[in-house]
Ligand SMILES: NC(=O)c1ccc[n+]([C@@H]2O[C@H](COP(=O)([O-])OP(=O)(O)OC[C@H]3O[C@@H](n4cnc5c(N)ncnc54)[C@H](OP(=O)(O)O)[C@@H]3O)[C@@H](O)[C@H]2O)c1
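The chain below stands alone and is given as C-alpha cells, in the form predicted alone.
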Amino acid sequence: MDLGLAGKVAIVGGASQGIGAAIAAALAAEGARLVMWARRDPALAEAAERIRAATGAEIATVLGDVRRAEDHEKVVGTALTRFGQIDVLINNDGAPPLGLLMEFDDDAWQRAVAQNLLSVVRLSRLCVPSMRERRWGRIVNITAVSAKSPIAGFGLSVATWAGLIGFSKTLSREIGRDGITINTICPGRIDTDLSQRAFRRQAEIAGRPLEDVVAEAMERIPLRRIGRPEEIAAVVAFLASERAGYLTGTTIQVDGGSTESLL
C-alpha cells in the first residue's frame, strides 16, 4: 500500500531510540524526509545513520530538550531551512518521573506540563502555518494507555496527557478545514528501555518483586505479550499518511487489548 508519504517532511521527536526511532524508520521507508530530534548524542546520530543507510532517506538531526521553547524553534527552523516545508509532526518523548502524586512539588508539576503538554502546544503552533500553506498536514501525539486508564504512580503523565488529549481534540475542530489532522496514540506495554524502567519503578512504589509486577501486567494483556516499537510505528505511519485523511480528533490505544473500558 502506498501511503503517499514520498517527499513529505516529517519532524520526529524522541528519535534516538525506542518508539521514536521506530517511527522515524517507518516514515523514512515510505520516502519521507526527516528531522529527527532528541536530547542524547551519539544515540541520535547513530539512529539517523542506521535509518539513512537502510532507506537512503534525507535526514537532518537536532539536539534539543522537549521542555525548552528555544529548542522547539530550532527544530522547526531546521526543517524549514533544510527542506522548505513541514508536513508531518510527531510529538514523542519519554515521560515524567513515576511516583505518588502527593509527593511531587510544584517544580515537578511544571516540568511535567512543559514536557507533555506545552511542548505539543508550541510545536503545533510553529508547524501549522507551514501545513496551512499547502492545506495538508498531519500531527500525531504519542502518550500512553495510562492517559485513558489511570495507573497509580503514573499521575504526572496521566494528568498532563489528559490535558493533551483535550488540546488535540479541540485543535482538530479548529484546523480540520485546512486539511490538517491531529490524532493521539496511547501505547500499552512496549519493549523499550523506558518501559523497563517503568516496571522497576512500579515495583519500588508497590514494594513488590519486579517479576511479580511484570507477570501481573502480562496477565492483563489479552495477547499475552509486550508490544514492539515497530507496531506503534506502523500505526503512526498510517495516521501520518494520505490514507488517513478522514481520521482526526481520535485517541487510539495500541495495547494488545489491555484497556478494559469501552471508550
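Since the model is a prediction, treat every value here as computed from it, not as a measurement. Quick note: we count residues from 1 along the sequence shown, nothing fancier.
Another form exists, predicted in complex with the named molecule; not displayed. Remarks below refer to it.
Within 4.5 Å, heavy atoms only, which of M131, L117, L156, I190 is in contact with the named molecule in the predicted complex? Contact check passes for I190.
Could you check which residue among R200, R40, R52, R208 gets a heavy atom within 4.5 Å of the named molecule in the predicted complex? The residue in contact is R40.
Is every one of P150, A217 and S258 in contact with the named molecule in the predicted complex, taking contact as a heavy atom within 4.5 Å? Checked in the predicted complex: no contact with the named molecule for any of the three.
Partner absent here, but in the predicted complex, which of 234-242, 25-33, 192-200, 209-217 has residues with a heavy atom within 4.5 Å of the named molecule? Flagged stretch: 192-200.
Does any heavy atom of A144 come within 4.5 Å of a heavy atom of the named molecule in the predicted complex? Answer yes; at least one heavy atom of A144 falls within 4.5 Å of the named molecule in the predicted complex.
Any of the heavy atoms of D65 lying within 4.5 Å of the named molecule in the predicted complex? It does: once the named molecule is placed as it appears in the predicted complex, D65 has a heavy atom within 4.5 Å of it.
Tell me, yes or no, whether T251 is in contact with the named molecule in the predicted complex, where a contact means a heavy atom of each within 4.5 Å. Because no heavy atom of T251 falls inside 4.5 Å of the named molecule in the predicted complex, the answer is no.
Can D87 be called a contact residue for the named molecule in the predicted complex at 4.5 Å between heavy atoms? Because no heavy atom of D87 falls inside 4.5 Å of the named molecule in the predicted complex, the answer is no.
Residues of stretch 1-18 in contact with the named molecule in the predicted complex (4.5 Å, non-hydrogen atom): Going through 1-18 in order - heavy atoms within 4.5 Å of the named molecule in the predicted complex - the hits are G14, A15, S16, Q17, G18.
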